[in-house]
Structure formats: C-alpha cells, structure tokens
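As structure tokens, one chain now follows by itself in the form predicted on its own.
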Amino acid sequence: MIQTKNLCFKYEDEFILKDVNVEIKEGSFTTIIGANGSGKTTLAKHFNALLTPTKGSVFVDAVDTKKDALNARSKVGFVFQNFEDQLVYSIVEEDVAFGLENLEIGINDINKIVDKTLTELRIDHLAKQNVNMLSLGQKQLVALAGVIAMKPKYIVFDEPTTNLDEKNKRNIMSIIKRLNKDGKITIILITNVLNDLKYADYVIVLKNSSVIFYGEKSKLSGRILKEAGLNA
C-alpha cells in the first residue's frame, strides 16, 4: 500500500499540494484526475520519491520515502508523459536492460528478462531496432518495457495517451489493464480525460492542490467533477 499522511509540498513560495491523505491499495487501479495544474503529477512523483514532502509523510509498503527513497523507488515504476526522455540507449534491447545492469544481475539473466518483457509487450521484433527510428507508440512501449523489467509492484502512468493516435491509445490502455488484471501490478493513472475513469477502481480528484474526493469510483458524483473544473 502507498499511503500519504498530511502531505504538503511547497515549491518556492507556493504550496503545490496541501494536506493530502490518500491510500493506494495493492492490486487496485487508481485514477488521479483533475484540471491542468491541479497537482496530479506532483502527487504521483511523491509515490516513488522523485519528490519528498515539505511537510507530512509518504509511505510505500511502510517505507518512509524521506528515510529510504531508494527502497521506495524500487517498488514504484513511473512512465512519464514525456516518455522519450526515459530512453537512454539507441538500441531497444540495450535500453530495456539499462536499469537491470545496476542491480548486480548476471548478463544471462538480464537477457532473459529483457526477452521476456519485450515478448509480453509484443515488441520482441523491435529488439535490435534503433529507438530513434520507432513510432511514438513503439517508443512508449519501449519506455514501459524498461519499467516492467525492473519488476515494480506499482506503476504510475502520467497521461499515457497524450499525443498518441486512437489505435495506439487503445493499445496502451489495453496493456495497462492487462498489467493490472493479469500481472497483479497496482496501477496509478494520471489523467484529465473523464473517459479514463472507466478503468478505475478508485479515484482521486484534485483541485487547486487539494484532494476534493478520494474513494470508490461508484461514489464519485458529477458535482465533484464539475467542482474540479472537469466537464461532467
């Protein structure tokens, strides 16, 4: 479980998050939704210790991110909205292996993990390809493969369908659902698209740096969405 307790985050003189108290339950599909600038990505970056609280605490499986950021980060993968920035090496299989190379894993085991991950995402035919020659949808899957290879318990997706065409949008959302249902990976989806709520078990709604709703999707009302500045 990921848990925030009275989480506040201040950047320069402005609070980007104010007194956030939420729980991400293991195995769940949680959507963080809100208008642009509401604090969605800032909140999610606290889940894997890319940011740490100005006040309050964040716990990942009882690990305090302020005290053990590396341990917390190892449990929570993050696929950024600008996923191309996550691609380090020019060859697909080398890029997917990048994170594993720092874990004292033997080269044979790394190769097996990379092969298995690329096959699961149905991009094994791209293993020897130059990343820079791939389509946006393919690049996103390579970035995701690099995260999955690390075997995180939780994965954050920051607006994963932005800039993708309809075919690739459907493909990435199908993969995310499969990771949750079949792979038993806890999914945290950042979005400002109301249609994405259909995937969620739980919803966190942010407005002006504060949580105005957290709970089961079935309890979310149109009034709350309108209050958040979303078209309901």
Partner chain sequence: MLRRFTFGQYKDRNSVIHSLDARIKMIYVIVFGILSFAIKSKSGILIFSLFVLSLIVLSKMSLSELIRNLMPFYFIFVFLLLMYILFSRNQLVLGVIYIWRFLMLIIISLLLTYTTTIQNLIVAIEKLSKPLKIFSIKPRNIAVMVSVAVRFVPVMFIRFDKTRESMLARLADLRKIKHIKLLVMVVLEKMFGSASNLSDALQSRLYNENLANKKILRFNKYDYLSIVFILILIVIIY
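Treat the numbers as computed from the prediction; the structure is a model and nothing was measured. Positions refer to the first chain, counted from 1.
What follows is about the form predicted together with its partner chain, which we do not show.
For the three residues Lys10, Ile176 and Leu194, verify that every one has a non-hydrogen atom within 4.5 Å of its partner chain in the predicted bound form; reply yes or no.
-> None of them does, since no heavy atom lies within 4.5 Å of the partner.
Picking from 60-68, 181-189, 41-49, 201-209, which part of the chain touches its partner chain in the predicted bound form when contact means heavy atoms within 4.5 Å?
-> Heavy atoms within 4.5 Å of its partner chain in the predicted bound form occur in 41-49.
So in the predicted bound form, does any heavy atom of Glu94 sit within 4.5 Å of its partner chain?
-> Output for Glu94 is yes: heavy atoms within 4.5 Å of its partner chain.
Please run the contact check for Ser74 against its partner chain in the predicted bound form: heavy atoms, 4.5 angstroms, yes or no?
-> Contact with its partner chain, yes.
Look up in the predicted bound form whether His125 has a non-hydrogen atom within 4.5 angstroms of its partner chain, and give yes or no.
-> No.
Does at least one non-hydrogen atom of Thr161 fall within 4.5 angstroms of its partner chain in the predicted bound form?
-> No, Thr161 is distant from the partner.
Sequence order please: the residues of 81-104 with a heavy atom within 4.5 Å of its partner chain in the predicted bound form.
-> The stretch 81-104, when checked against its partner chain in the predicted bound form, contributes Asn82, Glu84, Asp85, Gln86, Leu87, Val88, Tyr89, Ser90, Ile91, Glu94, Asp95, Val96, Phe98, Gly99, Glu101, Asn102, Leu103, Glu104 at the 4.5 Å heavy-atom cut-off.
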